[in-house]
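The chain below stands alone and is given as structure tokens, in the form predicted alone.
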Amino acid sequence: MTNTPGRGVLFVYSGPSGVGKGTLKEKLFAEFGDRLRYSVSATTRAARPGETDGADYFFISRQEFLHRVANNDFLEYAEFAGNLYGTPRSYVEGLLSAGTNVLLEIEVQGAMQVKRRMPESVSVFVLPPSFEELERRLRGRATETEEKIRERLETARRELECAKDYDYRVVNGADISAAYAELRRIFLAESGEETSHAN
């Protein structure tokens, strides 16, 4: 991918539930948090206790959200459980223009919307070593009903079919350090920071 000098890179980050993408993301922010920001979404749902406007989400009314949709102000948006969620274009653009890299963790449909609107973005999909291993990890959590696990597995099956549409695919197998090394390599190569973080 080519990027404008001095401009940050938007990393679009996806993977099925249970694949371990949260752990990998935490490792990336622990190492590069000074030059990587997490994209904050806008939502029409009410703030939960402890959530902060502008940090967890941008909390806006449904009317305001739809107004922004009409103005093409979102890189992507979707509706879940009666609430609207979207990625504000101006927020992301502001960070990128300031030279800050942005990570947007998002499901597959939203990722494809972003790629259409910002083809220069870099997409990364985290894969399990096998579907059987993903199922084992989900069941190993022992926190969800059988119905919920089946639902997650069905969603994962659809998501995995879209992995080929991403710029990079990272397999998170038995050794998470190997998966992180690959994610780190992608970040350094695409953000042009190999020299400042050479091992």
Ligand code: 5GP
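Note that residue numbering follows the sequence shown and begins at 1. Everything numeric in this text was worked out from a predicted model, so none of it was measured. C-alpha atoms forming the largest set that superposes within 1.5 Å between two forms make up the rigid core.
The following text describes the form predicted in complex with this ligand, which does not appear among the structures shown.
Among the residues 67, 158, 139, 45, the one placing a heavy atom within 4.5 Å of this ligand in the predicted bound form is 45. Stretch 45 to 53 is the contacting one of 130 to 138, 45 to 53, 165 to 173, 29 to 37, since its residues have non-hydrogen atoms within 4.5 Å of this ligand in the predicted bound form.
Within this chain, residue 91 is remote from the site of this ligand in the predicted bound form, having no heavy atom within 4.5 Å. This ligand is not drawn, but in the predicted bound form it has a heavy atom within 4.5 Å of residue 106.
Shown alone here, residue 98 lies farther than 4.5 Å from this ligand in the predicted bound form, counting heavy atoms only. Contact check for residue 123: no non-hydrogen atom falls within 4.5 Å of this ligand in the predicted bound form.
Contacts between 20 to 59 and this ligand, taken as any heavy atom within 4.5 Å in the predicted bound form, involve 21, 41, 45, 48, 57. Once both forms are fitted on their rigid core, the CA atom of residue 164 lies less than 2 Å apart between the shown form and the other one. Relative to the superposed core, residue 45 undergoes a C-alpha shift of no less than 2 Å between the shown form and the other one.
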